[in-house]
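Only one chain comes next, encoded as structure tokens, the form predicted alone.
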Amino acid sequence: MKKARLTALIATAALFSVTAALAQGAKLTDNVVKVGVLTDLSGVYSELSGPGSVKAAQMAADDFMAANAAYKGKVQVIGVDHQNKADVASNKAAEMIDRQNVDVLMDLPTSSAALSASEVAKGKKIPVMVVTGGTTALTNEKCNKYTFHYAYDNYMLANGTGTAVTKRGGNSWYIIYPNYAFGQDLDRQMTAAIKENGGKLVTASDATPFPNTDFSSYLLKAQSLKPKIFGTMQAGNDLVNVVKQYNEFGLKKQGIGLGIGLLFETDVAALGQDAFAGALATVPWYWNLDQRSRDWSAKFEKAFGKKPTWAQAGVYSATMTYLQAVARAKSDNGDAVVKALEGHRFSDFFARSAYIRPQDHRVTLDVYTVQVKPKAQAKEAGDIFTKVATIPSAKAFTPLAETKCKF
């Protein structure tokens, strides 16, 4: 008994010694790692991202500190509203880095905001993990050494949804898109996917104001053009307004299908499943994908009061991936963390078969083409999607040979 107790004491002492060594070896600015969640806290994307993303990042920080004693009390999360405006995002990014001493920028819905903030961070050598901004420019002509693109992008959406809908017979489209970086890029990507799979646009795509509430003129145009698919590249509250008016104008009953570029769980919840029933989408994750997803979602719902969107789950995963890179680098220095992230392979509840490409910082992962269930088929609250196909990590994103990224 005494021998067993002595062995336990020696083991405990050894663990304490290792932990102390790690704590001494880690070179942290201000002796703390600060995660800055730059997001939409008040606008059209606040439900799908926003406060839920800040909570997800905090959960990741808490879990990381619980699992890494050397970092206990040494990770802080700061949430800031960029109002979906590029100039505000740029100013807030500079303020967060210079005054609040954040070591990483996280989330960044709205592509124009993501692009402007990443440019600021590049000049200050601060890593950026873009989760909710979708433009492929982040890993192409606007790429930089410090920016990583997590979760999804517009190529993934078009490659999944545009291909699936067109191959299922939806081979003539009329597309509308929000007139800013995300929408412009998604329109290009979706158009390319449609044409590559034998489809066509019945007329040139139309840009809509952002944000917007009245889409009646575009729906009337769709009625006159009679495409097989009315393609909407809007997101968040804008998408909700489009789909609501699509149903009010009776396009579905007229045989005009709905093609959705970007879909979040909160969009479906806002109108009810039947408003979206039958629509296809491509997502990187959803809360009841499998038991691992359910388990994490239950923790999030308990902490936040709502089921997570895939953007919020992505922020948790990206935050944890960043913090684990800090631990491997034993530093929150930007260059050291970038080196620890590049080429890293991992798989967690959100990102399956994930790989961080060193050449363009695209984080590849398995993604899923899904179909929205009618409410009558839902087995429980929030049971929205039926999985149609899994697109493997290696095939879901822009082929490396086609990237325009040059660091």
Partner chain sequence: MNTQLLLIQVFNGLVNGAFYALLSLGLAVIFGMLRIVNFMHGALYMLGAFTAFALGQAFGLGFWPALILAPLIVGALGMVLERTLLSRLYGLEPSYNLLLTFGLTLLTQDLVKQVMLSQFAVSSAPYTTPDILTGVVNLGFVVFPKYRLFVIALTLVICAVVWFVIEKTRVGAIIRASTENPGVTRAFGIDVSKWVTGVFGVGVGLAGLAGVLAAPIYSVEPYMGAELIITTFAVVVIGGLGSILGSVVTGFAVGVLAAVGAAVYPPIANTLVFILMAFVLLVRPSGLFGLPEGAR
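None of these values were measured; they are calculated from a predicted model. Residue numbers count along the first chain shown, from 1.
Keep in mind the form predicted together with its partner chain is missing from the figure; the text below concerns it.
J.: Looking in the model of the complex, is its partner chain within 4.5 angstroms of a heavy atom from every one of R294, Q359 and T369?
T.: Judged in the model of the complex, none of R294, Q359 and T369 sits within 4.5 Å of its partner chain.
J.: Taking its partner chain as it sits in the model of the complex, is Q100 near enough to touch it, meaning that at least one heavy atom pair lies within 4.5 angstroms?
T.: The answer is no: Q100 has no heavy atom within 4.5 Å of its partner chain.
J.: Although the partner isn't part of this model, could you tell me whether L263 comes within 4.5 Å of its partner chain in the model of the complex, counting any heavy atom of the residue?
T.: L263 lies outside the contact set for its partner chain.
J.: Decide whether G123 counts as a contact residue for its partner chain in the model of the complex under a heavy atom distance cut-off of 4.5 Å.
T.: No, no contact at 4.5 Å.
J.: So in the model of the complex, does any heavy atom of F249 sit within 4.5 Å of its partner chain?
T.: Output for F249 is yes: heavy atoms within 4.5 Å of its partner chain.
J.: Check each of Q83, Q184, S172, Q245 and return the one that places a heavy atom within 4.5 angstroms of its partner chain in the model of the complex.
T.: By the 4.5 Å criterion, the partner-contacting residue is Q245.
J.: Please identify, from 163-171, 285-293, 84-92, 234-242, the stretch that has a heavy atom within 4.5 Å of its partner chain in the model of the complex.
T.: After filtering at 4.5 Å, what remains is 234-242.
J.: Heavy atom within 4.5 Å of its partner chain in the model of the complex: which residues of 212-229 meet that condition, in order?
T.: Residues within 4.5 Å: N212, T213, D214, S216, S217, Y218, L220, K221, Q223, S224.
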